[in-house]
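One chain is shown next in C-alpha cells, namely the form predicted on its own.
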C-alpha cells in the first residue's frame, strides 16, 4: 500500500460523556474517522462542538467528571483504550503528541523552555544530557526561534507567538507518528500562522507524520488539510476531501459556516442563526434543526445518520438527497 494512503490512526465509535449535576453531556458521540500516513485531517466547528474532548480522548486525558464510554482508538494496529497506564504514558509524546492553543498552560512557569523539551526527550530516549540539549536546540531552531536564547528562557520571557512555536518544538521533538494540533495556530498573527502551517505541511511530506488539525478557522484548515470532518454538538455531521466539502457542502451547518467566513463568502457575510445548543439539553432530533433554515418536523424528532453521498464524502441530513440533486443541477448549469 502506498505510504500516502497507509492508515495510521483509526477511531471507531468513540464516545466520551460528562456526568454533571445538570445531567449527562455527550461531548463526543459515536465519533468515527481515520488519518493516513503523511495526511492531515482537520476537525472544524464552533466552540463547544466537542473537538477538544475528541482530542483528549485520543490521549486518554479526558478530565473529571468525563470518561470514555466506548469505542476503539487504533494507532498502527494497537487499541490505545486497551493499554495499561504505563504503556499509555509511553505512547504520549512519542507516538501521539498534542499541542494546545494556550501556550502558557503548556509550560511550568518556573522552569526554562529547554528543560521542558529535554525532559520530554530523555523520558523516551536513552540519550545523554548533552545530546538531549542539542536535540532541543535543533528543534527550536527549526521553528524559527533563536535556539540558545529560547532554550534558556522562562515561558514569561517569550512572546505568545514564540511560546507557541516552542510548544510545537517540544511536541515535535520525538517525531511522533501523529501530531494533534488543537487550535495551535489560533493565537498567532497571520504571518506567523502561515509559517507554522508551512512547517507542518513540510513535516507531513518529509517525515511521514500524520496531523489531526483541530480548528474553527476554515481558511487554516483549507491551507493544510487533505480531508475535513465537521463537528456539531458532539457529532460529526459531514466529512470528506477538504476541496469537495468546501466546494459543495452537503450539510446545512457546513454551508452556514462557509457563508459566515470571509475567505469563502466574498460578498456579504451571513451569520448563523441562533446559538450552539446546550449539550445537557439536546432535542431528540438533529441538533442543528433549531438553527437550520430548511429544518422540518422530521429534523426535530429524528437524528439523521451519517451517509456517504458522494465518493468519500459523508453527511448527516434527512434531506441529503435533495441537497445532492441541487448541487448536481448547479454543476450542469
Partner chain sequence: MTGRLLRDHLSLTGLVIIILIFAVTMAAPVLAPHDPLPVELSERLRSADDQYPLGTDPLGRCLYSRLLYGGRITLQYSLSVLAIILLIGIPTGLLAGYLGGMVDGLLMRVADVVLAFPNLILALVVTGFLGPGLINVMIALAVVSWVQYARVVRGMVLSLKQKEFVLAARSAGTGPLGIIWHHLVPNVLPPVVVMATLNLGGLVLSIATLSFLGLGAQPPVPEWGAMINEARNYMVSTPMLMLLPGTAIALTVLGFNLLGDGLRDVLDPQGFTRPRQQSAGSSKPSPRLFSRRGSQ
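Residue numbers count along the first chain shown, from 1. Predicted, not measured: the structure shown is a model, and the values here were computed from it.
The form predicted together with the partner chain is left out here; the points below concern that form.
- Distance criterion of 4.5 Å from any heavy atom to the partner chain in the predicted bound form singles out 124 from the list 78, 201, 124, 261.
- Taking 193, 215, 120, 248 one by one, only a single residue has any non-hydrogen atom within 4.5 Å of the partner chain in the predicted bound form, and it is 120.
- Across the proposed site, 136, 147 and 224 without exception lack any heavy atom within 4.5 Å of the partner chain in the predicted bound form.
- Within this chain, residue 100 lines the site of the partner chain in the predicted bound form, having a heavy atom no more than 4.5 Å away.
- Heavy atoms of residue 61 reach within 4.5 Å of the partner chain in the predicted bound form, making it an interface residue.
- Looking at residue 107, you'd find a heavy atom of it within 4.5 angstroms of the partner chain in the predicted bound form.
- Using a 4.5 Å cutoff between non-hydrogen atoms, residue 152 does not count as a contact of the partner chain in the predicted bound form.
- For the partner chain in the predicted bound form, the listed stretch (109-117, 227-235, 207-215, 136-144) containing residues with heavy atoms inside 4.5 Å is 109-117.
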